[in-house]
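Next up is one chain by itself, shown in structure tokens, the form predicted alone.
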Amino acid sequence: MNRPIVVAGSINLDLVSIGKRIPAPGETVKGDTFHTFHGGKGANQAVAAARLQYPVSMIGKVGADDFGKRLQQGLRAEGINVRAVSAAASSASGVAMISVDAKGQNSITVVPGANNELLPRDLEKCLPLLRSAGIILTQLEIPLESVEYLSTLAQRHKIPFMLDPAPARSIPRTLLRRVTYLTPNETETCALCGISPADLSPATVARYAQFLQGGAANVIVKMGRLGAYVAAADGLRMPFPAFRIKAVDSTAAGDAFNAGLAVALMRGMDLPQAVRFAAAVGALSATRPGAQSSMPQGCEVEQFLRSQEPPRSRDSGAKRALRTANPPPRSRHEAAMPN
């Protein structure tokens, strides 16, 4: 039986407005449409992995309110184990206010609410679940002390630990040394390296990825339309071009990428194969509105990847690994690498 992916992280309700452009500070603009979606980086990653037909368990907190009930039910409907999702009596469920422009770019304000109450003492109650994990995924939308706790536990039990360092902030070097897979986007790379965004370019990403790889075992920098760069523990240094797509909404595309990466690694792909698979998952997500609602099914990813391959490469190791683990066909999609 496959060891589950365990996601410990945020669970939010996303309030999404779509318009021609994102308002500047102090400006009011007229939007075109409004939607509510189930979100939160943790929940997004859990849903994305579940739709790729891999067993997933979620650890998190919601409010004891209507939003919380709705969010828990949404996770349960995706086939996710939610026994470790609890209700915080004194906080409302987390929410995210998201503005999306006509090009699919977004601006997000997160109010953590109950997510701030996912503390180490709560994680201690989940020790059997955490120890059973094949890989642990987390993000920075929960307290840093909880991320530290998870990283220490993962290191102690030799469980791969994937950290999406979002929202962007500096992270103690001691924590980075316990990270197996670090997946920052460009903004987060700048925060981790203590540099200005103006100093980061495609030409310098490799240098900063290798700097971060001096802490984390493997670093995958997600650069949106410019693709990704991998600095791996085995010495691999490799850029990955982006799939070209027509982006509709990039919200949660980075979460889709992380989930795809985790699923691919759990199915035995090597890191380059896993990054390519993850990029396809993220690409497909960016072609649809919303967060969890945008996550593709495994058969769609199979189809997309197959459509992108030269005929002679269709018996690749990545395809064989997917075929044995997942009946739906592979896919490859033309999309910017998620960030």
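Keep in mind that what you see is a predicted model, and the values were worked out from it rather than measured. Residue numbers run from 1 along the displayed sequence.
The same protein has a further form, the form predicted in complex with a small molecule, not shown here; the description that follows concerns it.
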Query raised in the report: Ok, 98, 220, 147, 75: which has a heavy atom sitting within 4.5 Å of the small molecule in the predicted complex?
Result: 98
Report task. Name the single residue among 130, 110, 245, 232 that comes within 4.5 Å of the small molecule in the predicted complex, judging by heavy atoms. Result -> 110
Query raised in the report: in the predicted complex, does residue 280 have a heavy atom within 4.5 Å of the small molecule?
Result: no
Query - residue 259: touches the small molecule in the predicted complex, heavy atom cutoff 4.5 angstroms - result: no
Report task. Check whether residue 285 has any heavy atom within 4.5 Å of a heavy atom of the small molecule in the predicted complex, and answer yes or no. Result -> no
Requested in this report: Using the partner position in the predicted complex, report whether residue 291 sits within 4.5 Å of the small molecule, counting heavy atoms only.
Outcome: yes
Query raised in the report: Among 236 to 244, 121 to 129, 251 to 259, 169 to 177, which stretch has residues with heavy atoms no more than 4.5 Å from the small molecule in the predicted complex?
Result: 251 to 259
